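The chain below stands alone and is given in structure tokens; this is the form predicted on its own.
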């Protein structure tokens, strides 16, 4: 039988500084100062909020980096971040849950969940099936109301807000559903444009520009008139990611973004998430069963077990945890404290 759930632990590691992407590429030796200055000059008419978002693409367009070298650089810089990151220490939480309980069909799915999601980081939520991961995600975006406890988003109690205030907060959050949840009756362009048309006053000219850029960024250029049933599983996931990012959210929640994909496409999706994060620094929360692969693509890990947070902390600390429940899950052992047979 499973052992009783233990109190959650928080594990931290030494801190690490995160600077602008162009400066980090320069410091890592991928480009020289003249090349960076040329790229910045080429972006002199670009909205300052977009500079970090576009710097890599500008360097490629100027011939200072190849696309493959840029991908390599982003992964190496990201890996260094995750290896040296501090987990929660010194990083303000943008989302948090305190004492959250939820019963479904008479079963306690969340049994006093306490967690914090650090801002401008990728957090993975892992655990065995039925441990409350997807329910936790739905609470964070306001799709479910807790029976007890508080959920804070950017310092605001989510369930103390009026309907109008809740809608305003939700505009800062995007959710990537497990199956992508594209609209079958809309082509790829209209699927991605949908949030802009429904929640903003963006002109059609700007919508066209932003959607075409988003398609290029997820390697779906030329696919705008295809319908979801004409796309592969990996293409559907990429289109759904583009739709989730089109409103430039501060937070994106991803529910099993690689579920049902082969190892090559799974790796490609993880690379795309890394590329997106390194360009935008969007706070991301990923529910994943892709163990141990997910440890290469996140700064911070939360382990849910029996409706509670078993542990939370930096990725290296969780990966090396000697907690028998966490060890059994990571190693995929049949024998251990979690009785599954």
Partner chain sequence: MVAIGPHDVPPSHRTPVELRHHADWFLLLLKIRARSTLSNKTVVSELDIPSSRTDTSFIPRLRTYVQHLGSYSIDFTLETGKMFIFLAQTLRAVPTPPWRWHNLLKQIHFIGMRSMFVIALTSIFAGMVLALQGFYTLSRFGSEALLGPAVALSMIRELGPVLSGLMITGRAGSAVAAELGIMRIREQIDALEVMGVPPIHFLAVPRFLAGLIVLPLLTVIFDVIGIFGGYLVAVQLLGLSAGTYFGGIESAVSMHDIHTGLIKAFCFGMIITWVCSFKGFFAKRGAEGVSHATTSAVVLASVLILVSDYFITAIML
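Just so we're on the same page, rigid core means the largest C-alpha set that superposes within 1.5 Å between forms. Positions refer to the first chain, counted from 1. These numbers come from a predicted model, not from an experiment.
A second form of this protein, the form predicted together with the partner chain, is not displayed here; the remarks below concern that form.
Of the options 144, 259, 207, 220, which one has a non-hydrogen atom that comes within 4.5 Å of the partner chain in the predicted complex? Residue within 4.5 Å of the partner: 144.
Listed residue that, although the partner chain is not shown, lies within 4.5 Å of it in the predicted complex (heavy atoms), from 188, 97, 173, 74: Answer to the contact question: 173.
Counting only heavy atoms and a 4.5 Å cut-off, does the partner chain in the predicted complex sit next to every one of 79, 133 and 155? Checked in the predicted complex: no contact with the partner chain for any of the three.
Among 192-200, 259-267, 209-217, 113-121, the region lying within 4.5 Å of the partner chain in the predicted complex by heavy atom distance: Checking each option against the 4.5 Å cut-off leaves 192-200.
The partner chain contact in the predicted complex: residue 271, any heavy atom under 4.5 Å: No, residue 271 stays farther than 4.5 Å from the partner chain in the predicted complex.
Residue 167 near the partner chain in the predicted complex, any heavy atom under 4.5 Å? Yes, residue 167 lies within 4.5 Å of the partner chain in the predicted complex.
Are any of the heavy atoms in residue 92 no more than 4.5 Å from a heavy atom of the partner chain in the predicted complex? Contact with the partner chain, no.
Looking in the predicted complex, any heavy atom of residue 159 within 4.5 Å of the partner chain? Residue-level check for residue 159: yes, a contact with the partner chain.
Residue 195 C-alpha moves between the shown form and the other one by 2 Å or more, core aligned: No, its C-alpha moves less than 2 Å.
Threshold 2 Å Cα movement between the shown form and the other one at residue 112, rigid core reference: No, residue 112 moves less than 2 Å.
For residue 135, is the CA shift between the shown form and the other one at least 2 Å following rigid-core superposition? Superposed on the core, residue 135 moves its C-alpha less than 2 Å between the shown form and the other one.
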